[in-house]
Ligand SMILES: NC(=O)c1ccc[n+]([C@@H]2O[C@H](COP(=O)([O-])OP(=O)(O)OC[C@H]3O[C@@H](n4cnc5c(N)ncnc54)[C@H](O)[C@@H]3O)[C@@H](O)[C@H]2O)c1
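Just one chain is shown here, as structure tokens, and it is the form predicted on its own.
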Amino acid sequence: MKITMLGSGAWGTALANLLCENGHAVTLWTRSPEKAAAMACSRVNPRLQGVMLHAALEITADLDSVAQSDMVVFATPSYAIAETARLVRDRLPSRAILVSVTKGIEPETGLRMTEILTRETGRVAVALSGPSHAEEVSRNMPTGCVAACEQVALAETVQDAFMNDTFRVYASVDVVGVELSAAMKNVIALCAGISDGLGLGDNSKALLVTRGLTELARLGLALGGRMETFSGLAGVGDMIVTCTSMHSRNRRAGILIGQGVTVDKAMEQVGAVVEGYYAARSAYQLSRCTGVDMPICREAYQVLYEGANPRTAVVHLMQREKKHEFEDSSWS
């Protein structure tokens, strides 16, 4: 299969290598001709230190490679996915399967990544997500993800393309649940980092992550997701790995904010896109539009966008009115 990977960050690069190992003819696209030339020469991507690019991996800054593809994988930051889709839509062959490995929600519209691809290209797209650090996938550490699409045959085709002895892929039709989980866990990971930066303990993080998962499930059910997705790999699995690992840019940014670094400086020091920052605004907007109670996401929004003090946010969360843990048929 001929596959083009759009986006040369750590995740796109790790997946491009994996697909090469699976025997596919893969082209990795980067926006910068200079970066493409440097990677082609050095066979190293600075975004993925210590990992050699597969010998068969082609690298380009020319989008014409898309025209020969059987599958096109979008691995750009969430804020760039719409623009990238517009750039390639007239080059896409009719046979090409579109895949999003980007995690986020579009601000203002509340659209998920596959919905953006559909809006821009008129095509159905598959979401691939789960607890998967690029650094570990690139070193062939056992990893599990979910390929989701309402058209199950497309999800299963993506499953076949990516799956190997160290990268296990499950198919799902719950694209809503999988993509909301992908975006929301980044918000909670930012909060988990803030908790660490404030010097709070394991009890605090367990409370935060568990109740964050509850907020994800509430919103996901309201938007048509399935409960089992939130308790699976794409939900609780991705939440655990992103909230606990120093591979997580979201957690690292949160630690800095908790230590008193300004939000802008924290993003700058991390040195790569912190998706939870953008997702916090989208989650806050969705909670207001749907009427779903999401106190952690509300406090995260106020810290990130309104300059609220993180310690004050903790007090607000702890002093909420008392309630039963399970007050309806869903997590509450």
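Numbering starts at 1 and runs along the sequence shown. Nothing here was measured: the structure is a model prediction, and the numbers come from that model.
Below, we turn to the form predicted in complex with the ligand, even though it does not appear here.
Peer 1: Which one, 124, 92, 200, 80, lies within 4.5 Å of the ligand in the predicted complex by heavy atoms?
Peer 2: Selected option: 80.
Peer 1: Among the candidate residues 132, 195, 157, 214, which is the single one with a non-hydrogen atom no more than 4.5 Å from the ligand in the predicted complex?
Peer 2: If I apply the 4.5 Å criterion carefully, the residue I get is 132.
Peer 1: Can you tell me whether residue 252 touches the ligand? I mean in the predicted complex, with a 4.5 angstroms heavy atom cut-off.
Peer 2: The answer is no: residue 252 has no heavy atom within 4.5 Å of the ligand.
Peer 1: Look up in the predicted complex whether residue 181 has a non-hydrogen atom within 4.5 angstroms of the ligand, and give yes or no.
Peer 2: Answer no; every heavy atom of residue 181 is more than 4.5 Å from the ligand in the predicted complex.
Peer 1: Looking in the predicted complex, any heavy atom of residue 298 within 4.5 Å of the ligand?
Peer 2: No, residue 298 sits far enough from the ligand in the predicted complex that none of its heavy atoms falls within 4.5 Å.
Peer 1: Is residue 35 one of the residues lying within 4.5 Å of the ligand in the predicted complex, judged by heavy atom distances?
Peer 2: The answer is yes: residue 35 has a heavy atom within 4.5 Å of the ligand.
Peer 1: Looking at 68-76, 225-233, 157-165, 258-266, which stretch has residues with any non-hydrogen atom within 4.5 Å of the ligand in the predicted complex?
Peer 2: Only one stretch passes the 4.5 Å heavy-atom test: 68-76.
Peer 1: Any residue of 1-21 with a heavy atom within 4.5 Å of the ligand in the predicted complex counts; write them all down in order.
Peer 2: Heavy-atom contacts within 4.5 Å come from 8, 9, 10, 11, 12.
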